[in-house]
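The data below hold one chain only, encoded as structure tokens and taken in the form predicted alone.
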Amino acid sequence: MNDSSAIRPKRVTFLIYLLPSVILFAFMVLVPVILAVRYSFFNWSGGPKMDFIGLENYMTLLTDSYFWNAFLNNLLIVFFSVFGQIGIAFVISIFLMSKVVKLKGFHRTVIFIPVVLSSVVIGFLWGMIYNQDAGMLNWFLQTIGLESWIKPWLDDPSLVMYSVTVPIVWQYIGFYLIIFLAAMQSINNEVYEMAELDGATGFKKMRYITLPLLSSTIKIAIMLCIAGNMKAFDSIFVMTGGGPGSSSTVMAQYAYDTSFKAYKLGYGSTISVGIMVLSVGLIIISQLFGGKNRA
């Protein structure tokens, strides 16, 4: 009998080992999604009485200006996060892979630290930085003589979305940095050495070697970025609570407010389903666009 087949586990053994993970995934992900879809067809305030109303919640959602304004706020976050989180992480990873930078492990650790912090902590931290009267940002602007730049960063409806986007971009740069560093380390150094023999400079190596070889990794990073920022909630809720007014309300907070403040759990479930559908749609569009560019 072949030794490799003797030590190879049976298919049943694989299934037994996978079963706990599958059950946990189903309980934590699939069951809530199925229940949200079910509740979206009801007029339900959380009590025992549930009135079936069919697609009425979805018809209301299509004309709900608050929901679509929140969707635009999410799109703004996604746009700046794709270019901010992924773009900055890619540039930093290029520098960290070069021979010029020293203490690479220290830089990786420092940049990754915000990723492991709670979004609530990030929200409190940046809320103090943005404070109009005692915040570090306005104090710094006043110190260097730029009093005209001092703003109510979290109280101005025209500025607040940009203000709350900065902490989100800053927090997850380290996440994509680790992804890009792992992908770049898998590229054979002989490829770069051959390019150097042909006279390729650092920029040309990045443009014609690193970028094409990381195209699949970049597509995955964009997918993760869209999925993560379409459900942004924690730090924004801590900093502004969706205000002033509804100028910084995102879709997840609108679903939260509708479900647990207005006690419209049926319509809140509809909003959650809408978030899922829009997120999947944006991911599919980004993957199709990326595939065309690659072709």
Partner chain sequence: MKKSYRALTSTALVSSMVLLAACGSNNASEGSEAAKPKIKFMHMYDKNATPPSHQADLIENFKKANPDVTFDEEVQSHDNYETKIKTLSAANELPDLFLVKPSMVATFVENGLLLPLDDQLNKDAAWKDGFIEGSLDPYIVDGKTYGVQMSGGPTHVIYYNKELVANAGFAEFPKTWTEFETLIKKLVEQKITPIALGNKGKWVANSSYMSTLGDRFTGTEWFNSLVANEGAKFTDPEFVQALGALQNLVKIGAFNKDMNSIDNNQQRTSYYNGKAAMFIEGSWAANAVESSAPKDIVEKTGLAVFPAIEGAKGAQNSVSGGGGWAYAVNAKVDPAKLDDIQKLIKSLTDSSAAKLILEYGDIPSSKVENIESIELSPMSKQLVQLLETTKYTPIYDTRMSPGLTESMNTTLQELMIGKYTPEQAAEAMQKEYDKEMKK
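Numbering follows the first chain given and starts at 1. Predicted model, so just to flag it, every value in this text is computed and none were measured.
The same protein also exists as the form predicted together with its partner chain; that form is not shown, yet it is the one meant from here on.
The listed set Phe27, Tyr263, Tyr58, Trp68 contains one residue whose heavy atoms approach its partner chain in the model of the complex to within 4.5 Å, identified as Tyr263.
Here is the short version: of Ser118, Gln132, Thr109, Gln185, the single residue with a heavy atom within 4.5 Å of its partner chain in the model of the complex is Gln132. Segments offered: 84-92, 152-160, 100-108, 174-182. Contacting its partner chain in the model of the complex at heavy atom distances within 4.5 Å is 152-160. Although the partner is absent here, Asp234 lies well away from its partner chain in the model of the complex, with no heavy atom inside 4.5 Å. Its partner chain in the model of the complex comes within 4.5 Å of no heavy atom belonging to Pro32. Contact check for Asn229: every heavy atom lies farther than 4.5 Å from its partner chain in the model of the complex. Contact check for Pro48: a non-hydrogen atom falls within 4.5 Å of its partner chain in the model of the complex.
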